[in-house]
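Here we start with a single chain on its own, the form predicted alone, put down as structure tokens.
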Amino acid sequence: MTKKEIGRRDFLKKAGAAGVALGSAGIAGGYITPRKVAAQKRAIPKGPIRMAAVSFLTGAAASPFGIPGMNTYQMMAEQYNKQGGILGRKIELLSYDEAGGVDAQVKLSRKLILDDQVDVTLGYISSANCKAVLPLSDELGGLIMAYDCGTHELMEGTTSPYKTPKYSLGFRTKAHLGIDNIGLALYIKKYFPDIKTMGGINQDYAWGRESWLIFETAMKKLMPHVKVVGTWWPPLGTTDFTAHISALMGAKPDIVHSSLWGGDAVTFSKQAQGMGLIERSRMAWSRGEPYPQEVGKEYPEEQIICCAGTHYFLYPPHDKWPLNKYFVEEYRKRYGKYPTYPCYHAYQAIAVYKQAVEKAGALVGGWPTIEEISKAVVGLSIQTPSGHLMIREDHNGIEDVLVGVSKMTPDFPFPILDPQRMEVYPAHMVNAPVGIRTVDWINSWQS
């Protein structure tokens, strides 16, 4: 362990012991209680908030995910700064590329926390990166908010019910992949009850394997008569899916589940359509929301699409939820495209941080420590462009989920979700309760 590591950790321990006045400020046991604020106010630093934003800026994940997410961080940092910042401090946004693999991200995270001493890190699309980096939050004493990675295992502990969260300074400000795949299964049961067979094509690593696991588990519980005719596991970064598509066509599944993402999803869609798979089988995309806009009018209709939450530029309706109207219009004015779900996820991360700081700051009478901010995040419920988001005691966000089918209309140059067949499944239907593993929860459902 380096001297810097020891110094920072010792400082954090001393700050906690010296009080930072957790008791008098009303922060205890992971929650903020409405006790009287200490009479003496704490100083607010004069310098800017150093906020590290980590997202894919190069590679196959950049265009559909990383760059839209980073665009949102920049847009919201500017908006917050125009409004006076956070407790009067302006945001200094530091942008970093998530490319390079797990080792590179671990090294970067150590540098950001120990050397650069950023106030918070908002980042990570890759589930593998999240699994490697989030433990550093407690090890090094740095606040990390995972904004997009989907693995359900990230916050699921080994005991039930939870006694303490897995990480004290690590959060995920969104729901995990359980909502995507459970939502798909619920939608298929309602709209396609007569299907008899299904297959899956998912990338051969944690994200793909876990997505199929949750989908298959939910389908077996909801539609036990449906037979799995095959699963295919192309490696991440595959450019030629013809062999997989030929095998799928031979198996003739009624529904094909897929969590393919980035360039892989676009490439597969184009090749599958060209080879005729789409005419024989219906795709069910666990996070397909960005791709109609990415592909354009050639994107096929009648494909089942999940939005990784209720993250959609047309939902909630603008006349009923002005915050979505503002977000869509502001993003499109700046970047010439409609925001996709990574944009909404990025909004959630930066908004959760801002509101947690303000909540803790109001109680301690000044600038809060990262421990106080962390305790303020727990139980936080905020309005976002997508609706309401709550951060639970296990440090995981929970959300509703939107599922629909693609349909071409004269209003947009790409298919949208058919307004007549959009379904929103509330959070309690798609998020496992705290302390229960997602697979165990699904298996406990009554038939």
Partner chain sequence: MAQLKSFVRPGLIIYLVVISGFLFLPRIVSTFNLILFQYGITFAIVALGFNLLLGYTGLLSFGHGAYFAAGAYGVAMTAKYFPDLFSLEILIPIALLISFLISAIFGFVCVRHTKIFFAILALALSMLLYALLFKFYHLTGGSDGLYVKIPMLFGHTFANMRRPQFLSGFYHYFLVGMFFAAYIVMKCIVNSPFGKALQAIRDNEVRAELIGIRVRRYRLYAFIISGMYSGLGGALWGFVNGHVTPDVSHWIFSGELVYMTLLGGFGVFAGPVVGALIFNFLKLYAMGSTEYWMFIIGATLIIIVLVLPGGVAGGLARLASRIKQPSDKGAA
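Residue numbers count along the first chain shown, from 1. Since this is a predicted model, take the numbers as computed values, not measurements.
Omitted here: the form predicted in complex with the partner chain. The next part is about that form.
- Contact annotation: the partner chain lies within 4.5 Å of heavy atoms from the stretch 197-205 in the predicted bound form, the single such stretch among 299-307, 197-205, 318-326, 74-82.
- For the chain shown alone, D138 is a contact residue for the partner chain in the predicted bound form, at least one non-hydrogen atom being within 4.5 angstroms.
- In the predicted bound form, no heavy atom of K333 sits within 4.5 Å of the partner chain.
- Proximity of K166 to the partner chain in the predicted bound form: non-hydrogen atoms within 4.5 Å are absent; the residue sits far from the partner.
- Among residues of the shown chain, R110 is one whose heavy atoms approach the partner chain to within 4.5 Å in the predicted bound form.
- Although the partner is absent from the chain shown here, D103, A132 and E210 each have a heavy atom within 4.5 Å of the partner chain in the predicted bound form.
- A single residue from the set L114, L186, A351, L154 has any heavy atom within 4.5 angstroms of the partner chain in the predicted bound form; that residue is L114.
- Contact with the partner chain in the predicted bound form, judged by any heavy atom within 4.5 Å, is made by just one of D254, D119, E216, E371: E371.
- Contact annotation for 412-432: no residue has a non-hydrogen atom within 4.5 angstroms of the partner chain in the predicted bound form.
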